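As structure tokens, one chain now follows by itself in the form predicted on its own.
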Amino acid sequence: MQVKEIPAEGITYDQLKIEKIPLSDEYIERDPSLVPAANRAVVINPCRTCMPLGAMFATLGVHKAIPFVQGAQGCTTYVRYTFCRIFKEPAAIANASFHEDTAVFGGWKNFIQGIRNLVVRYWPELIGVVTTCASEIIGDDMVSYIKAAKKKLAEELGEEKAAAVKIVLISTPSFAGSHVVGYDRAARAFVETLAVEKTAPNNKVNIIPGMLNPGDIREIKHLLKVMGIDSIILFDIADVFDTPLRPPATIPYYPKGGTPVADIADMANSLGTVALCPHEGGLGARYLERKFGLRAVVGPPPVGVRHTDMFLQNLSELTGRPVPEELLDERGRLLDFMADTFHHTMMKKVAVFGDPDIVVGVTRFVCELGMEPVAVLSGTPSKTFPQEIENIVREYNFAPQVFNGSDLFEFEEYLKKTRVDLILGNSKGVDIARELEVPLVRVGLFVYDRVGYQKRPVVGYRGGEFLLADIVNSLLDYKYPDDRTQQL
């Protein structure tokens, strides 16, 4: 890059321009031995982020809950910035404020005082204690720390007020997994801590949605409402990350959304549990199955026709309720839309990347549209992801390159050697799409270079229509069909 010399008096923003000069006129192939992520000691352009982010995302989906991060301030600041960047909403996250002395002597003092300050200032109903690499490596005994914090609260506030604040411990060392694993661990920790007793049946269905957007949660609620099913949605972020702008009714202010703590405790009495994303909530569903005998239905995410059919069928089997005509009409409208646009989607080659569950759902959908996936990447390594993709593409006689736990550098290098018409993934794919001169359809959680994407669903039949419209319009923006005989 060539940067112009900046005068001593400074410049305005509109005068700042950095011109990129390519190193060569043509693409120079990389050293083949360094392209695979497995051969490198570093990750280049990762397609995942840290485990605590997933646990904080989950905790914020509980009503009047605040995550407390046992780590340095940066571990919290980055996550708050990320959530604000995506959802344009504030996120209340507390922090133990680790410094050099804490790394040497441990985080006991910071934790006890931090929990006390958080309670007396904000009076949360629940605190999700999220550990970090630092606290895990130095060996903080978090179970003992929580006992000591509860004792201090009881001494200062009284037993009744102290007992009213639930504390859930979520162990999330980032060196052991990504944000996907952090959310999964949070699902297990919350039901294990709060759903401790099975009493009277509530005739509800537990839904663990995974790290979906507010629009997706609202679409799931729509499907449940039309079927007449009462549910408990664990980590309901719909009215937390897309909350109405209204004067606060109380101070301190909490969004009206989120799953009530009492509902999480009641999950032990439900008919069964549906975890939409196996990697993001499967641990919680399986725990409830082992502990209380509740049937666990783990995946697939209801993206596209077949997977939404399976979701509704599973709900029907759990509750005995048939799929109503209204939802069959929604299915028919999606099929009609697919028929109307198949000449745009048929035989187009696509690449898909992101978190494993959303990638599985999107891969199935593009196959249903007659598109051929040539490269599929999960940023989080998974034992089941390659087989899930194989089971889908075998039906359509496709054979994409599957990247399991790789990074976007390897993904991009592969795409430079093959033809691709479209990329589907989050905002991390912008530079790749520009480099390859193909459209990017933004899908998944981490969409931060567009506004409003968090409000629109991709799940369900109606979400499929939104996603299909984005796919076709993106193709039309880049290349209008050559056959113009029917144009006026």
Partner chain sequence: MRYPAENGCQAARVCTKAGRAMRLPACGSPTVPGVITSRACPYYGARWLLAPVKETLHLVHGPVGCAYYGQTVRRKSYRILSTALDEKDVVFGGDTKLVRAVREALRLFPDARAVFVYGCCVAGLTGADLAGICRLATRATGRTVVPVSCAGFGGASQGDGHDLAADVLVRFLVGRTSPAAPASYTVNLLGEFDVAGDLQEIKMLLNQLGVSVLCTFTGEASVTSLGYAHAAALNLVHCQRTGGSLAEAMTKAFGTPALKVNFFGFAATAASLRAVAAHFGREEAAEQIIRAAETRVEPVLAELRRHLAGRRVGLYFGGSRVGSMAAAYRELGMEVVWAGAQFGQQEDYAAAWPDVADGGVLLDDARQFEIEKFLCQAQPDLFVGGVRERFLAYKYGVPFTVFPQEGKPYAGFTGFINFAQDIWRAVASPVWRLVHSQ
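Numbering follows the first chain given and starts at 1. The structure presented is a predicted model; accordingly, all values stated were derived computationally and were not measured. What we label the rigid core is the largest C-alpha set whose atoms superpose within 1.5 Å from one form to the other.
Omitted here: the form predicted in complex with the partner chain. The next part is about that form.
Exactly one listed residue, out of Asn203, Asn391, Gln73, Thr199, brings a non-hydrogen atom to within 4.5 Å of the partner chain in the model of the complex: Gln73. This chain is displayed alone, yet in the model of the complex one of Thr418, Gln313, Gln387, Gln113 has a heavy atom within 4.5 Å of the partner chain; that residue is Gln113. Comment: 77 to 85 is the region of 342 to 350, 261 to 269, 322 to 330, 77 to 85 lying near the partner chain in the model of the complex, near meaning a non-hydrogen atom within 4.5 Å. Among residues of the shown chain, Ala55 is not one whose heavy atoms approach the partner chain to within 4.5 Å in the model of the complex. Remark: Phe403 does not count among the residues lining the partner chain in the model of the complex, judged by a heavy atom distance of 4.5 Å or less. Among residues of the shown chain, Pro46 is one whose heavy atoms approach the partner chain to within 4.5 Å in the model of the complex. Not displayed here, the partner chain is kept clear of His222 by more than 4.5 Å at the level of heavy atoms in the model of the complex. Highlighted residues Glu160, Ala195 and Pro439: none comes within 4.5 Å of the partner chain in the model of the complex, counting any heavy atom. For the stretch 348 to 366, the set of residues having any non-hydrogen atom within 4.5 angstroms of the partner chain in the model of the complex is empty. When the rigid core is held fixed, the Cα atom of Asn397 travels less than 2 angstroms between this form and the one not shown. Ala249 is among the residues whose C-alpha shifts by 2 Å or more between this form and the one not shown once the rigid core is aligned.
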